[in-house]
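A single chain, nothing else alongside it, follows as structure tokens in the form predicted alone.
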């Protein structure tokens, strides 16, 4: 059954209005109109009047969990969350960046989201292979069932078939195209460090200009900072103005972590993140 985006939009407005009117939250993070329907924007509703500005369609791919860390602790926030977004919310709760009691999660079950750049469906490529939110307080539509169960790692086959030298050449060629705009960092809900390591001058961790050494330093460090934390929303790749397939590297690291530690990021609020949870039975492969 196809997702009714208009019905989800109406449900989002209704539930957001209820929360704001009752004073249960001071704001609701959702989506608003951009310069056209293919470019909706992250949106904050603070009053009933603001609710009318909310939208939801197949291009609302932005991961709104990115904005949770911008508000003071204790702020009561409602947030619209698709599947991958809900995983990011869980991860932020686990990392003590937000409190579960401060959030009202408006879960969005959805199938058929599209990349605004290409109009291609993104469910099988740069999302986490899920259609229903992992955690929510209110579900804004019927759960999605009957769609193909997709492995988030199938897209890695071509890269994994490469030899070591070929794979390094592939990534060097891709990362050499980076213009160091940091759109990937800005779009990522798990990139909340301020300042980022690459912005520091004392000590200076890497070159800030777009050249091979600095690009490799920035991206490889960021890839590994997200090990066991990336929730596979794909926003880094969609935000990239030169279309570097950053999601491939993140998926590879996520796959390795899942194989070694038996858990994926943001799938259970009761689990500790893999890389800070010591278990005797964990694999030692990472040390080899």
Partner chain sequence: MLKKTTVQKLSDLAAGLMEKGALIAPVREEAGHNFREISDPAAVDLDFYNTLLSPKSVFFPHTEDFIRYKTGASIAEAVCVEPDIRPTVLFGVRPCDVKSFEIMDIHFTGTGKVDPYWAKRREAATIFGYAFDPNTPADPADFYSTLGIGAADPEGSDVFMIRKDQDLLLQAVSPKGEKLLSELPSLSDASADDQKYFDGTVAAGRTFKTRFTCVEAEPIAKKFEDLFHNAAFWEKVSEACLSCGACTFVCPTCYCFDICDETLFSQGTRRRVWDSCMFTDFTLEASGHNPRTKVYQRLRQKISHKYSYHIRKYGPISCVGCGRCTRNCPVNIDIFSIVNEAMKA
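Residue numbers count along the first chain shown, from 1. Predicted model, so just to flag it, every value in this text is computed and none were measured.
If you look for the form predicted in complex with the partner chain, you will not find it shown, but the lines that follow are about it.
Contact check for residue 142: every heavy atom lies farther than 4.5 Å from the partner chain in the predicted complex. At a distance threshold of 4.5 angstroms between non-hydrogen atoms, residue 210 is in contact with the partner chain in the predicted complex. With a 4.5 Å cutoff on heavy atoms, residue 40 counts as touching the partner chain in the predicted complex. Contact between residue 219 and the partner chain in the predicted complex is not found at the 4.5 Å heavy atom cutoff. Segments offered: 84 to 92, 148 to 156, 197 to 205, 105 to 113. Contacting the partner chain in the predicted complex at heavy atom distances within 4.5 Å is 197 to 205. Against the partner chain in the predicted complex, the set 226, 258 and 272 makes no contact: no member has a heavy atom within 4.5 Å. For the residues 181, 138, 121, 135, the 4.5 Å heavy atom test against the partner chain in the predicted complex is passed only by 181.
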